[in-house]
Structure formats: structure tokens, C-alpha cells
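First comes one chain, alone, set out as C-alpha cells in the form predicted on its own.
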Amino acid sequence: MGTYLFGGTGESLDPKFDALSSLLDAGTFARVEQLGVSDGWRCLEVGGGGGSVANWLADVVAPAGHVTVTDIDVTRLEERDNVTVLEHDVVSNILPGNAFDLVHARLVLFYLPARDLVLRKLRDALRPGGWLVLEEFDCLPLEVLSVGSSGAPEDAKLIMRVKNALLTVLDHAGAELAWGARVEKALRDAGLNDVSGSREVQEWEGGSAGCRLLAATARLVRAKLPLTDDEFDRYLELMASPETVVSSYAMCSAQGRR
């Protein structure tokens, strides 16, 4: 299994999970709703993180449906009447076969060198006719659009230095930085039907959920970033400044039916 850089650190994960939820949940909910998820569905949420998607699904499929939510760190997940929390490594542990109407994973396979193997495991966990939905970043497009007038060239270079350093850390840990760009093809290659997808690039202003995500990620791997303390502090200031605008990573989503 690849090294998941952001797992197992308890409360320090909160800013990252909260930023991810604010940034991505609305799109996730709309995407899954289009598949017709409703009362009675049995759902698997892989890499449940802060639990926002699993809790939303539990409400949608109640009272007759059920959600199983897995992660290697389950400290922020909670059981409910129709939610089972499972501490689980999707690479090495077994999943039930032919069991779920919906399997969803967001920013999970991106980190895993065994992502194609895991994709087949998720496919096999579906009931015939069930849907697999994957949401992944393509991390390569992010660019600096604006940093205001004071120190702009140096600040823009600093943001890109941090971006490149973060991507190097991810790459060394086994992430596939452009995984999102090939996720639709991967679903087709896995034999799924009715495959479709979307790709979205946003503008992230300083202080937004997207820039808070970048800042939280940088904090979690601070020791691996080749920056002075002054440079790192300036980067955090830029991520909080409304004068900063960056084009986001591309969020690529795809779904397919077994």
C-alpha cells in the first residue's frame, strides 16, 4: 500500500477534512443524487474521512437502506442506526462481493499505487446494476492567477514552489498526480457500463475552502517542504489573503454501472 500522508494523526486532520467537505460535498451530493439513490439502497463509502458523505447518504437511504463506511482511521466516523463503521485497508482487506447498490470513493485511489487492483475490488463489491462513483484530483493544472500588487512576482513563485514540492512529496508516496485525468478510461477498462464523467476547474481565492485545503495540506507535511520558516509563514499568509487567486486542481468525477 502507498503511504497515505494524512492518516492516523487525529485532531490535526480536522482542518483538512473540514476544507474538503466545504469544497466538495455539494458536488458529490448532486452527482450521487442523479443516480437515483433513495430509501432502501445499500451503500459503501470508502475512505470516509470526516464522515460528511456517509452521514448524508445515511439520511437519503433511510429508513430501509444502509451505509457501510470504511477508513484506515475511523476516529471521526460514528455509527448510527443505519451506518456501520469499519476500520479497513481497501488494498489488503476483503470487501463483500455483490453487496452494494452504490460504492463511492473520493480522493482515495489517487494515493494508492495499487489503484487499479482496488478499482476492481470496488467493482466486484457492486450488485449487478449497482453504481461505482469515483472523484479524484488531477493535480497538474493549478496555476497562480493573482497575488495582489505587493511582492507579486516573488509571491507567485513561492506558491508554485510549494505546489511543486507538495506534488513531489505525493509522488514519492505513491500518488498518481494525474489519476483524475484517466479515471473514466479506468472504469471502462474495468468492464463497467454507462460510464460518464466530468471535469471542473475553479478559481480559489485566499481564505476559501480550496486555499484552506492547500494550507492544511502544507501544514501536515511541513517537515518535508524545502522552505525557510519565513517562506512557509508567507505561504500561509497568501493562502489566507483575498488578493490571492489560484486556478484549482481539476476535480474529475466518473461513474459506471456494473
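Everything numeric in this text was worked out from a predicted model, so none of it was measured. Residue positions are given as counts along the sequence shown, with the first one as 1.
This protein has a second form, the form predicted together with a small molecule, left out of what is shown; the following refers to that one.
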State the residue from V83, L166, L126, L107 whose non-hydrogen atoms include one within 4.5 Å of the small molecule in the model of the complex. L107
Tell me, out of E78, D89, E143, E154, which residue has a non-hydrogen atom within 4.5 angstroms of the small molecule in the model of the complex. D89
Spell it out for me: taking the small molecule in the model of the complex, does every residue among F17, L20 and L112 have a heavy atom no farther than 4.5 Å from it? yes
In the model of the complex, which of 126-134, 158-166, 178-186, 90-98 comes within 4.5 Å of the small molecule (heavy atoms)? 90-98
Check I72 for me: does it contact the small molecule in the model of the complex (non-hydrogen atoms, 4.5 angstroms)? yes
Does G47 reach the small molecule in the model of the complex, with heavy atoms at most 4.5 Å apart? yes
